[in-house]
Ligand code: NAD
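Coming up is one lone chain in structure tokens, specifically the form predicted alone.
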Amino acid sequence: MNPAATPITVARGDGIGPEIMEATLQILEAAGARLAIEEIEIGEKVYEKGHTAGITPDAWDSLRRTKVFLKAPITTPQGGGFKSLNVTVRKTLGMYANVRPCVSYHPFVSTKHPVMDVIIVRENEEDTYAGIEHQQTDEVTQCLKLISRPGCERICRYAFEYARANNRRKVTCFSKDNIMKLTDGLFHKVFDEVAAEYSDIENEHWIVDIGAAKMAASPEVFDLIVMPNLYGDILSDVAAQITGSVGLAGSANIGDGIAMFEAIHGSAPRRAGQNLANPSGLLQGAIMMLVHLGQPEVAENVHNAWLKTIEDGIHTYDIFSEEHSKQKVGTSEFAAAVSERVGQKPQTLKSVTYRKEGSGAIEVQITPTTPAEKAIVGVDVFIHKLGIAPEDLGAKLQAVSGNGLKIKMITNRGVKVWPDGFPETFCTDHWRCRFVAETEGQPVQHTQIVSLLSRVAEADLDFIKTENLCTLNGERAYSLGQGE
């Protein structure tokens, strides 16, 4: 073993995974990558052995030891009870940043956007992907969206550090803070705070819907886009596809001292074992891994050899065209073609240069939280009641008001329906009932809330959850009802 080799964990995966991993490792070896490989088994076979997360304790030990994971796609069995291995690994090991370069290779790969070169940086742990969901009434399900200040700062700071390390000129934030003023509002606010520290990099913010439309129509106006988890998941696939093919895109998942690299596509079991699959997505992930490991010269050689192969028209079936391709090849033949071109550079496509100084893992530091002065000023009591009119529910809640708390408002699916609601508003069986202090500005105690819930229960009303209404440093820390 080369004493300078860096230990990494490799999983060959399912479907086309073993073929594209073999091709990728062949190219890395031809380019002189200094790697000490530990192999683990994950995915379908592990699920079938009764491990519902698709990974064994021994595999976890390897990941925690090497702290670098090159992973081929896996197949998650259909049906309930099986957890996504990707999400499990990312969240268990704290891989908070997902990085996806989305580049067009015009004219050799067909695309409507010939000059597209956009990096998507996606927050990887929070948002609705916390996976906290409930159904407590017949008609309504809910998903809790969690956005934290440390999570926002970490991903925004990573985006600017990545931009600086990779000579990106502008960082754009997408959010929906015109509607979700607290959660997405926090993401936008922290983005602006972090951006102020990077005067050398332009910054801007777009509402996600119009931003997505602009990206689809004119991606060349963007450089690096940072987003919360859900938007980033959706739009990174969109961005990859409009370059010409999702199959050409790689992905990095970055945490504090640990990282996973992969293709963004799935295991494609229908193509398995046929020597057809394009290994380019996994290879692009491996190139990002080499930069992360501080081997930029090897990453550069691999990337330029791959570009030269694409430029020479040696294409797998998924990007082959009579107009731009010269030879249709299989997985192994494509790997051989890239390996033969190590040391060469493209002539038409722009060659790649990775910065030697300061290459390697990007580390960020977040600001310690200073506790705010919190006061409870009310409580939202959520009630399950089918077939009741808002005014009748309001009367019942007026009857249980007291001990310093009074009913102020009832909403249904966020819209105020009492008092002064409209008969046109459609209502379900899930009611938010807002109680506030009888004397405005008077703090509310936990004992008052407990007493209120006892009275609600005695009135034969099924309360299903509560949310305290707080102020932090005197500022309202809860949303108003629509129409409040």
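Note that residue numbering follows the sequence shown and begins at 1. All of these numbers come straight from a predicted model, not from anything done at the bench.
Missing here is the form predicted together with the ligand; even so, the following discussion is about that form.
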{"query": "Contacting member of G232, G285, P73, G244, with respect to the ligand in the model of the complex [4.5 Å, heavy atom]", "finding": "P73"}
{"query": "Single option in A268, I258, V291, A252 placed near the ligand in the model of the complex, where near means a heavy atom within 4.5 Å", "finding": "A268"}
{"query": "Contact flag, A277 vs the ligand in the model of the complex, heavy atom cut 4.5 Å", "finding": "yes"}
{"query": "A337, heavy atom within 4.5 angstroms of the ligand in the model of the complex", "finding": "no"}
{"query": "Non-hydrogen atom contact E262 with the ligand in the model of the complex at 4.5 angstroms", "finding": "yes"}
{"query": "The ligand contact in the model of the complex: I16, any heavy atom under 4.5 Å", "finding": "yes"}
{"query": "Residue stretch of 208 to 216, 195 to 203, 291 to 299, 314 to 322 approaching the ligand in the model of the complex, non-hydrogen atom distance within 4.5 Å", "finding": "314 to 322"}
